[in-house]
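Coming up, as structure tokens: structure 1 and structure 2, two forms of one and the same protein chain.
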Structure 1
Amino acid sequence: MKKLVLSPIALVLALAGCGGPHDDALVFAVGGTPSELRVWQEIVAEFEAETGIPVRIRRQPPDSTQQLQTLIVSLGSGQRDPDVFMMDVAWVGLFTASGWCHPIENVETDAFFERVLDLVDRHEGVLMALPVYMDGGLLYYRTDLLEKYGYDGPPQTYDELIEMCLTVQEGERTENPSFFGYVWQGAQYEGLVCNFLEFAGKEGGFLAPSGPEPRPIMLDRPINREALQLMRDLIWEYKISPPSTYTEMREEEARMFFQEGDALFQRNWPYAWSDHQSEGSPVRGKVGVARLPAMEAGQDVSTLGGWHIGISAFSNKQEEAQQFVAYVTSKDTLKKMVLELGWNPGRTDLYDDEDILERAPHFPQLREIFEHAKPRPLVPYYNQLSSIAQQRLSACLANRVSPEEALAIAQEEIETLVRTYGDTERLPEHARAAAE
């Protein structure tokens, strides 16, 4: 057998993943489901063909919290790549405040969701990122099952949801013992915080609802305790959400559970729609989409989600990176993403596009949801805040602590964090106004 002998330099290069034909390529860090990555590959290939600029996709782990960790390693240490990356809307504040983003130049911003640009993407008035797609929590429901059990529409309140789930679950279990009423994202990761904010409704969540600005972060409040109690009860008391909710239920787990035909309702982001409607999906043609329920009808809230594109301040390929960002956020590219993935573009000028409306008639309703969606706190230390919330909410869902204990401990930890990092005062004036 031949021994492979590498010179020290070659060894360093090989370990660093360098060398090879794409040495000069623009590195684009992006994650997602297999179908999303396939579309990204197509987009990159089209960009390369049009501009002659080679691009290498650096595949990121699927969930938001893990992606953040890998990007913090590269950007926090000032590495040259990735040159361009996708950021969860929840971390744009951290990235811009840390000086990791280079301003986006020469992009006409009129067509984008103005409130979101103000809230998230402009840092001290300078455009640092652009929304590629928007997310907001939605309720998916089985139209055939509602009809079978005599309901004329999806629930508007959680009481109605519980009642429907108990009835349908009991009926369906005679044929399908794995059937559950409601699946949502309860695993310990960013998605859990998004779900919690929705259960907590308009007045609940991180920021105290009223009082002088800046509003303090106040998680330990009756309204939040009630929301957490409800989340816990769905699993342990009513048993209409499976025990796997808190061990493993992220977006894809919930989507697959529902798609297999094993649930009546599902909370998920808009992307799940096109998978449910795809060929071979057991629930194809039997799915409706509605606003989430609320404690009181009409008080529903969707968390503002979505992914934004940014350019690294450490990239030495600024010009190519700017071209790539302009290409990705162009009307044509975003339209392709909508048609192929059912994503909701960060541009408003696609919401009345006829080709899109034909495929997704619920699109205008979504635009309305995004316009009013609730942002996560725009503080630069949001990732630490979220990680405290994730840990404590999860302990409660696992039935290890009561909602009262969970939120009281979280509040103490948050106060230590705020003493270290400052408070919401750090929010620029325009962002505070837009957060209302």
Structure 2
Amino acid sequence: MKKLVLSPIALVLALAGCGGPHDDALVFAVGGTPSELRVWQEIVAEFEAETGIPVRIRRQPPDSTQQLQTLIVSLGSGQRDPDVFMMDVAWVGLFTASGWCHPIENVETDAFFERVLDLVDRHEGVLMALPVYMDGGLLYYRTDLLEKYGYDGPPQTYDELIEMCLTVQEGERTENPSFFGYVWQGAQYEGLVCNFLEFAGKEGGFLAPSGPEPRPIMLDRPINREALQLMRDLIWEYKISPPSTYTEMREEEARMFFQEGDALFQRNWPYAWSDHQSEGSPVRGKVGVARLPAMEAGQDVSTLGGWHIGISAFSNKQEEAQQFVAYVTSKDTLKKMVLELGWNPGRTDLYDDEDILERAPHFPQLREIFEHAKPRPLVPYYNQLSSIAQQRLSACLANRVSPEEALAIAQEEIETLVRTYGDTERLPEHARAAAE
């Protein structure tokens, strides 16, 4: 086992939030942009005015990796603060398996995405978290260019996408030599794993074993080899994705590339919609969204993303924490987040809200995507699992190894990882190492 090493910034933030005297305020750990934190402060003020319960925001680092590190320091050592915290969907399995979350009580769950609750938020049938912000991969496309070249709508399969890209790319390059058919996240980071899972479709990706005995997660499978081959071919054979895909293409690089008018299709998260429709955007009014294509029609899938709220098992303010979680996940509060931040709420009853649809007419499509989204493996060692996948997938996209070689090596490393983490009694210690 390796020792957890925190960055200097994360260490300072972690120490700043612990070790001091406990006051009477409920402590809520949350990160985000300045505008997001401003809205959180408004929500806290409204909650305090309504309930009389004081709340102190423990501001987390903007970087999600550092957020994970600081939460692991606090929760892994059983500190009473924070009482409530926000966690990435990929952390829920780690936190619940480590015994760090207290069950959420007295919240009516009928209005939430039931499939997400079952796949992510319930641990052994007990509700341990609730979705606040939903996310999932989707396909952005140029409506004007599809019409110009005689296409009725976006592709349902990758064969259709490739054919459209080759046709439009050839035509557009007569005036724009920098034009490409499809931009997506292929750099070596978590976004690469999310994209890979979507290329692999419903039946592909990580195959988690069933049963109580520790067995390796299967990644080296025929359907995954086919998906990885397709990803590489988009860059090297069809040349409809930029050469920079595997070196630097992340969310913002893909968004800006598409927004400048240099691509027909883009894979990204829902946040990009508002940027594309903003004042001065070259593609404003020319963008549509759809479900991602698949290798076979009907086998498409979107990687589930987003942020969930949980209560610390070590909090000495359980009653107040329960009230705060209920308030944050209420219809009125989440509607405020939609209207002020453009967030996609964890409640299904907001996706047909008239006020919201005036600003975001694509919300019904998002609801359909979220209802079929697929989470990443909810295992305590997911961060290390992802690191293995990132490294091997990237090597293949760079044309250094074949898909068969990349996934075979990854499988060997995954099996070693699972043997290391097979002892569930050591989960808290493992959780610390998983943050590296």
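Basically, rigid core = biggest C-alpha set you can superpose within 1.5 Å across the two forms. Along the sequence of structure 1, residues get numbers from 1 upward. These figures come from a predicted structure and were not determined experimentally.
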Out of structure 1 and structure 2, where do we see the form predicted alone?
-> 2
After the core is overlaid between the two structures, has the C-alpha of Gln69 moved by 2 angstroms or more?
-> yes
Using a superposition on the rigid core, decide whether the Cα position of Phe314 changes by 2 angstroms or more between the two structures.
-> yes
For Arg400, is the C-alpha shift between the two structures 2 Å or more after core superposition?
-> no
Rigid-core-superposed Cα shift at Leu119 between the two structures, Å | 3.7
Would you look up how far the C-alpha of Arg58 moves between the two structures when the rigid core is overlaid, in angstrom?
-> 9.0
